[in-house]
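Shown next as structure tokens: one chain only, the form predicted on its own.
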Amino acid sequence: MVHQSFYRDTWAEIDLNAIRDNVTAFTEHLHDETKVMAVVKANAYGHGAIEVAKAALEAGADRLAVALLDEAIHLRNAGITAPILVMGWVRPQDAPLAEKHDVALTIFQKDWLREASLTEVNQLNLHLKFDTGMSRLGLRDEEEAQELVALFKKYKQFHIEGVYTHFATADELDSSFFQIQQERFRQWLIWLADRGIEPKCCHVSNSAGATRLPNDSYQFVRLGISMYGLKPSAELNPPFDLKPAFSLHSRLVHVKELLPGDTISYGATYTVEEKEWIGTVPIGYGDGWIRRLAREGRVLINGEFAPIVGRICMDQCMVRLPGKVDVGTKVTLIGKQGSREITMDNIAEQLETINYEIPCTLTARIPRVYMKDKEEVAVNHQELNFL
């Protein structure tokens, strides 16, 4: 069937039922008083922030988290009213914009609060972040923390709604540093309480931490990678099944029989040794299907594996078919066909990276088709949005 919402037969399918089921599984796994903050930064890890945010909230998530103020405003413009936290640094002069859109910001610098106090802010929620070992963002100096607390007492328009940290090794089997970070955070909470500050929204656990600490995750867990059905690491196995939400598909646009001695693609790096049927697939490194995947990459066609041959081009790649196949036949690059499957982890392993990176790097040229109860409910094609 020809899809009328985009004009090249390459697309990603996002299973919103999988998002729902993953959120539900974690909600049931956690302590009754611990809620889910769904992390939808980086366009929901490449899945599509608006549709994923809605699905997560419908499944019981209580809040959303993003990395950028731009991402938060994007959600607000889509009509999403749930509480949103920006976890990255935001310019202090943009504090009024955060207040306008009812978005909480992360703070960890006394100078930030001084500069933000000069803007027209009436009431803004902030989450105080402590660096317990990630060494990325966060307070780690007690003297600066003391100065920051004093400034909060001075500038009443800023409210410490939350406090948090981020684990560096929660997805590793060695728990030693993980435990050190937990203890450092507990000490910071005691330090704050001694100064009369007890935020109502404490959160430390990412997907890995929530898997390991279901009964010790404070008020919220920040559910990211596992909400999308992917494990935080190969070593960490949750006590329930995760359902991958993302699959990637295309269709053959050309099929030809090549003879011995014929070569394929740039550099003529692949030479046909005997008669072979070759198919052209309209996806390439311009879509994030990068050239390195030609080394060991393969796709699924009619339930059989078909290896990528020759160099991957910007917009297309070629595969060796098991035999003559009709133009228009469906190609699965990530996902299932029949009894066989190519997982996000398979692709990450070939590229010597982590599964987080794969959906994030599959570009906006690839439309996201949203499925619910096996029915298409929405299409997001960012390329066409700009036309």
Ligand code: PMH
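On a predicted model such as this, the values are computed, not experimentally measured, just so you know. Note that residue numbering begins at 1 and tracks the sequence as displayed.
Not on display, but discussed next: the form predicted together with the ligand.
- Residues within 4.5 angstroms of the ligand in the predicted complex, judged by any non-hydrogen atom, belong to 205-213 and to none of the other stretches in 308-316, 205-213, 139-147, 272-280.
- When the ligand is considered in the predicted complex, Ile225 lines it closely, a heavy atom lying within 4.5 Å.
- Contact annotation: Arg251 falls outside 4.5 Å of the ligand in the predicted complex, judged by heavy atom distances.
- The closest heavy atom approach of Leu64 to the ligand in the predicted complex falls outside 4.5 Å.
- Of the heavy atoms in Lys41, some are within 4.5 Å of the ligand in the predicted complex.
- Contact with the ligand in the predicted complex, judged by any heavy atom within 4.5 Å, is made by just one of His127, Arg298, Lys110, His166: His166.
- In summary, among the residues Leu151, Leu189, Ala294, Met87, the only one with a non-hydrogen atom within 4.5 Å of the ligand in the predicted complex is Met87.
- Residue Tyr356 is the only one in 343-359 with at least one heavy atom within 4.5 Å of the ligand in the predicted complex.
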